[in-house]
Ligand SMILES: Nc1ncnc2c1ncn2[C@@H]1O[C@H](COP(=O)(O)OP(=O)(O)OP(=O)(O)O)[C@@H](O)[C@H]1O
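Here we start with a single chain on its own, the form predicted on its own, put down as structure tokens.
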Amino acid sequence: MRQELVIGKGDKPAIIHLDKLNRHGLIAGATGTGKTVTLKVIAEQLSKAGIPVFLADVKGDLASIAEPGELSGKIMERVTKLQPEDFEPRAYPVELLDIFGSNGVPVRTTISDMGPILLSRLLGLNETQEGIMNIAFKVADEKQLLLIDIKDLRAILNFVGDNATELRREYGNISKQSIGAILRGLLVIEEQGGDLFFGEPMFDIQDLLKTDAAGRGYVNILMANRLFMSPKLYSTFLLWFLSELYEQLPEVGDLEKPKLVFFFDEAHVLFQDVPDVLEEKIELIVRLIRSKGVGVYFVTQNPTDLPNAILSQLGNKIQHALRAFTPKEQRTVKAVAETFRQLDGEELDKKLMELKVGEALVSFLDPEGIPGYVQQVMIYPPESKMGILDPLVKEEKINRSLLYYKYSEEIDRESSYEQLQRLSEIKAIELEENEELAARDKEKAEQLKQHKKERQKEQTQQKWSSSSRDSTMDRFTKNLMSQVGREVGRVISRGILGILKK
């Protein structure tokens, strides 16, 4: 069985050991230096080794891995020079995914599963507003109200606002201004397509872990051209994917090869304006997810875009050329060069600025887990097509996917919106009944003035009996808990990023 990937060649082959892939990695370099080709070559090699891949296609030039390549002059020149083993134009098994559902299998999650932490990041909430978001989730979890889509979240926020006086005793101040700000943020997300990607059926993360009949791993491609137009939305959804993998997959330790390799393209957007608390949680997930058999590879223009705590966990590094036109950029190049294990006198900072397109400085973990000395290599050419995926091929891949039939039809079951709407209707009916009772009581009160003490005693007992009934909310909650409780049947618990534990 193959135990290594070979992605290029310099003085010697550039080898990544399969059992070290879960030690994570970095692919970096300036625009136009060859990161996309490198990413595609690694995805091909992983697929051949039977390892599923998840990646986001931000520019539209990765999905073409589903089509065989063409032996153009430049490709043949590189093949002749590097002589990669078993090279031939071929296509690879793919699943095309799209949270908007137009260019791939629809990918949905529920409000409840995404959780308050990621939603607060998505909406750009401040600390006070995030606190109210947590209160809304706490109330929904305690009353077992299902938060599936945006209208459910809007309903529970309005419920919290309407019952702020009662809830304030337990949770602290709940201001209408903060709730209003959250609701306005929801409107923006809804306009960006939130009505499409929050709902059911929710995407099952296990569907990423597939191989085809020949044993090749599927390359799961999130079609992200439109999604990346909203960088915070893009990074939040990729972080949700990563969090779901962490929460759902069992502990397996170090395997001979990983269950999945996850590529986080344009990774710098993940850490832009991120609160310290969330950054710490991301670092924790990256550190712990290796024991779940998942390798995470960050793809970015400059390694300094990532926090040091993340960089220190990336054992396999591929660094394409960097450009340095200012003193600050030159200092950055020197800092990047110092992160590699190198021999004395190599002057990597100069090499970094002189690398040709397709060349890279690489350092991979050796069989003992020790970073290897840096070497300059030329990356192999991809076997799949360069450029954009043919639209007809794209439609064929989507329509023939078994996942399409699993996720294409949206389900809208009864959830918080309907449950709270029913409560509102019950309250309205009882208000009307109480008004009628009050009118009759008033009429009786006038008649009582003319009756004897025995009649007055009877009327007093009737009022006492009426006031001893359960409140509307109490009776609704008891009824709802008996109905929803049977369906949920478990205590709700949440993971590191507040997403539901399965």
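The structure displayed is predicted, hence computed values, not measured ones. Numbering starts at 1 and follows the sequence shown.
The discussion below concerns the form predicted in complex with the ligand, not included here.
Visitor: The ligand isn't shown here, but in the predicted complex, which of 175-183, 279-287, 380-388, 326-334 has heavy atoms within 4.5 Å of it?
Guide: Going by heavy atoms within 4.5 Å, the stretch is 380-388.
Visitor: Contact between Q301 and the ligand in the predicted complex at 4.5 Å, heavy atoms?
Guide: It does: once the ligand is placed as it appears in the predicted complex, Q301 has a heavy atom within 4.5 Å of it.
Visitor: R78: heavy atom within 4.5 Å of the ligand in the predicted complex?
Guide: Result yes; R78 sits at the interface with the ligand in the predicted complex.
Visitor: Indicate whether G34 is a 4.5 Å heavy atom neighbour of the ligand in the predicted complex.
Guide: Output for G34 is yes: heavy atoms within 4.5 Å of the ligand.
Visitor: Tell me, yes or no, whether L187 is in contact with the ligand in the predicted complex, where a contact means a heavy atom of each within 4.5 Å.
Guide: Judged by the heavy-atom cut-off of 4.5 Å, L187 is well away from the ligand in the predicted complex.
Visitor: Pick from L311, A91, V357, M353: which has a non-hydrogen atom within 4.5 Å of the ligand in the predicted complex?
Guide: So the residue touching the ligand in the predicted complex, by this definition, is V357.
Visitor: Identify which of A30, A49, A66, L26 has a heavy atom within 4.5 Å of the ligand in the predicted complex; exactly one of them does.
Guide: Checked against the cut-off, the match is A30.
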